[in-house]
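The chain below stands alone and is given in structure tokens; this is the form predicted alone.
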Amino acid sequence: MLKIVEIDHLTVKYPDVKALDEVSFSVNKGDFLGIIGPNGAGKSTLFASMLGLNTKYEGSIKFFGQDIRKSKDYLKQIGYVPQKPIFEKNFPATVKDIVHMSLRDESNKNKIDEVLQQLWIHELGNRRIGELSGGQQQRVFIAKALVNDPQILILDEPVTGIDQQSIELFYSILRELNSKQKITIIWSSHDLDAVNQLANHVACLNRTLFFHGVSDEFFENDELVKQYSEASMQEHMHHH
């Protein structure tokens, strides 16, 4: 199997806390990795480090065999979908404008229509982004991430605040991208059922990595799931 992401002893320290502590895992080409963990577990810090937005870390991060400290070329192969951005109703950009912002090759403009069609939002192309529902907006952001044909899609809790019907559609789109287009997906989520259904690998993060492996191994092990749930509950109580 071709390893396309290798994270080795990744540690991120803030003055009063270690956000990540000696996290190591790898992702093979074609994998669908679900990253689960309570709020404050370090998922966003992990993504910020992988995307080169946080450079103050110990350990190493490699994409396609290349240390990301040495070259930023790998970013061309990544599509990133952040947690839901919020738009003003009157924000002047249309759906096509938003997707076009990401397009690197101007000669490939028909790609915009192609990804909008693929995500069932083609008829919304000239609508203002602020007029769309949360689920529609989220599909625009996937279109924006896909317009340059990335090899890897990174999604940070992408269904926060979206209605159930849109979530189901969103998940079926992810499944298709992974199985048909062979896009490697790294996705953080609080929805254990969805991770169980979609992901073939799971990384269970709570500042340290307490499980990384095949999904079935995690979900068929009651002890691990219980441990995870308890950690999440404690974190939740701690925050409140």
Partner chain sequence: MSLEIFAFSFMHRALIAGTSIAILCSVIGLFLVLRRYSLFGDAIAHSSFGGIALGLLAGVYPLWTAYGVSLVSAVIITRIKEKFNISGDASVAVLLSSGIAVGLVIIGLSGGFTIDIFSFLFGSILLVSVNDTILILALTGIILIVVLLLYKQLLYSTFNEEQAKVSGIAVEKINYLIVFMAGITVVTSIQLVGVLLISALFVIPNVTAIMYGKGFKQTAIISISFSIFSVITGILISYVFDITPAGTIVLLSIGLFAGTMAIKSLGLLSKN
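Because the structure is predicted, anything quoted here is derived from the model rather than measured. Positions refer to the first chain, counted from 1.
Form predicted together with the partner chain: not shown, discussed below.
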### Query
Looking at 33-41, 51-59, 211-219, 190-198, which lies within 4.5 angstroms of the partner chain in the model of the complex, counting heavy atoms?
51-59
### Query
Is there any non-hydrogen atom of Phe170 lying within 4.5 Å of the partner chain in the model of the complex?
no
### Query
With a 4.5 Å heavy atom cut-off, would you call Pro92 a contact of the partner chain in the model of the complex?
yes
### Ile98, heavy atom within 4.5 angstroms of the partner chain in the model of the complex
yes
### Task
Decide whether Pro82 counts as a contact residue for the partner chain in the model of the complex under a heavy atom distance cut-off of 4.5 Å.
yes
### Query
With the partner chain left out of view, which of Glu88, Glu123, Asp163, Asp113 would have a heavy atom within 4.5 Å of it in the model of the complex?
Glu88
### Task
Any residue of 103-126 with a heavy atom within 4.5 Å of the partner chain in the model of the complex counts; write them all down in order.
Leu103, Arg104, Glu106, Asn126
